[in-house]
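Given as structure tokens, the chain that follows is alone and in the form predicted alone.
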């Protein structure tokens, strides 16, 4: 009797306010499935990272030229991938509530579905990430009990877990989003490194791949 080996895992660290995390969130699960790799969704907050660098906000806002380039880059990539895109106003948004919800989703198996919908609604429909009603609508749209979950994100346990997860990201040496961490600790940063991260993870667990 053949016993299938467990799928290898790739940690996907993302921030809901991150434009490039949107790109990865919308394609990572299909790509990982084709590579026989399991995705572990790891929401965190970039605010503490910016603060540690002495920035008041995202570098895309701190540096006007960099921000202008990012917007045009997103427009080009989304056009090729046939993804809707418009810059949310304001930018960057506060992804605190969405990240807390996704943490619960990690445990219950719906982090991916929820995160994809929130990203799409933010970057195509101008969902405000601090709008609990809008986030509740996203939960309801994927068949979840919005009222119960919105209550849970205000509990000390969930608040602490997000702080801990963000601290873990800093301890691991992350400096931006999206970041992909392989099981052997190899790190890949940026949506344009997703393919390389999956190839690395697959080759680590299957040298013949």
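Computed from a predicted model, the values in this text were never measured in an experiment. Residue numbers count along the first chain shown, from 1.
Omitted here: the form predicted together with a further copy of the same chain. The next part is about that form.
- This chain lacks the partner; the member of 71, 77, 96, 124 within 4.5 angstroms of a further copy of the same chain in the predicted complex by a non-hydrogen atom is 77.
- Interface residue among 33, 160, 66, 51, judged by heavy atoms within 4.5 Å of a further copy of the same chain in the predicted complex: 66.
- Of the heavy atoms in residue 183, none are within 4.5 Å of a further copy of the same chain in the predicted complex.
- Proximity of residue 62 to a further copy of the same chain in the predicted complex: non-hydrogen atoms within 4.5 Å are present.
- Using a 4.5 angstroms threshold between heavy atoms, residue 143 stays clear of a further copy of the same chain in the predicted complex.
- Residue contact with a further copy of the same chain in the predicted complex: residue 193 places a heavy atom within 4.5 Å of it.
- Heavy atoms within 4.5 Å of a further copy of the same chain in the predicted complex map, among the stretches 160-168, 34-42, 173-181, 147-155, onto 173-181 alone.
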